[in-house]
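What follows is one chain in structure tokens, specifically the form predicted on its own.
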Amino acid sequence: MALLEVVDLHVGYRVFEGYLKVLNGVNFEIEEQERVGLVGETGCGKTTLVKTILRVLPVPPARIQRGQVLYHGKDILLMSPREVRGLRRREMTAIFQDPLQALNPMFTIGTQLRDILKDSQERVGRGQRTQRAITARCISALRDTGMPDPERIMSNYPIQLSGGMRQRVCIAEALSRNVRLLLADEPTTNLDVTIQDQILRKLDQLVDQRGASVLIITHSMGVVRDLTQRLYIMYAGSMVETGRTKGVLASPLHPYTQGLMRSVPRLTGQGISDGIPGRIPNYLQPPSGCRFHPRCAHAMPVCVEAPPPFYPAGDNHRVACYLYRS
């Protein structure tokens, strides 16, 4: 049984203009102690997916039409609020890309980190959750992210920190607890390039030490290549390709994945790619069938009629494209 399994998930938002049909039958899974990558353009529904898994999606305006989010076989969407709080305290956590939404401006960093540890009900130190042991653990988590002078940072408010420092605090919040599943939504967006690799490798090391699973959401093919075992490609609320990370990156099959790979900047003097023609569809009136067909050079009449299922392409590689039906 998979640690986490998402089955036929449909999620949208009620807005003034109408109803945005964002997640369109999403299916994916994460095994125990597995590193999974999720790649897609901005606006394709990645953050909506993470918030749905954690049950922090605002309902309304959001609406979960149908689907399941199974954690150890139990549907999170059917859990009571008390069960969900327990799940977020001890089993899973997330690092979001906007630290200003994750941190409370009214409390110091130390207060927020200590409250998270107390709320998780973990035993700190020698069987006693003493204030001193909790504070030491919070400082250690900050230091693990490369935060300068973590003792001083504990007394600061979020507004006193730079964007990169706030992001490191959010990473420290996740690292301060021993959870089984970490959902990292662009965890290094606000960090300098020089520190991104250090943070990601530290995150990978800690996940490995604790035997946790991780979902890394990113725009960087380099990040998923180095840090994940399996990869999902997402377009406009639908999964279009999945497989072993190295296999997908070495032999991309879906026209969208191929376009993403052509868009990766190269240092070989080949110039800048033209990218993928067109734009992500309007979720108010998304295209019928395969949502990528208006931008696809290989579109066929069947692509307009019905969404393609996943077709096997060998070695755990699957692609949702009619080009590969037998």
Partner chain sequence: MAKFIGQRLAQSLFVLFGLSLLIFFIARVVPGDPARAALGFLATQDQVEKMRAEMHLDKPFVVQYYYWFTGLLRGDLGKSSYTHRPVTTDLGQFIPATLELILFATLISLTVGQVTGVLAGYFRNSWFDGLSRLISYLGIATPSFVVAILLIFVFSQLLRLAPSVGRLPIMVAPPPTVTGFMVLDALIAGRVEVALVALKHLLLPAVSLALIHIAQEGRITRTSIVENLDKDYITMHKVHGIRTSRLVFKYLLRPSIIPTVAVIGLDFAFLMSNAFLVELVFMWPGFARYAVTTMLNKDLNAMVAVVLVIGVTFAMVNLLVDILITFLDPTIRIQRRGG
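These figures come from a predicted structure and were not determined experimentally. Residue numbers count along the first chain shown, from 1.
The discussion below concerns the form predicted together with the partner chain, not included here.
Proximity of Q160 to the partner chain in the predicted bound form falls within the 4.5 Å heavy atom cutoff. The closest heavy atom approach of P105 to the partner chain in the predicted bound form falls within 4.5 Å. Although the partner is absent here, L54 lies within 4.5 Å of the partner chain in the predicted bound form, judged by heavy atoms. Although the partner is absent here, D115 is a contact residue: one of its heavy atoms lies within 4.5 angstroms of the partner chain in the predicted bound form.
Every member of the trio R85, E173 and R177 reaches the partner chain in the predicted bound form with some non-hydrogen atom inside 4.5 Å.
When the partner chain is considered in the predicted bound form, only one residue from M92, I233, L215, I134 comes within 4.5 Å through any heavy atom, namely M92. Checked against the partner chain in the predicted bound form, the residues D149, D119, D75, D208 give one hit for a heavy atom within 4.5 Å, which is D119. Annotated contact segment (heavy atom within 4.5 Å of the partner chain in the predicted bound form): 151-159, selected among 137-145, 67-75, 236-244, 151-159.
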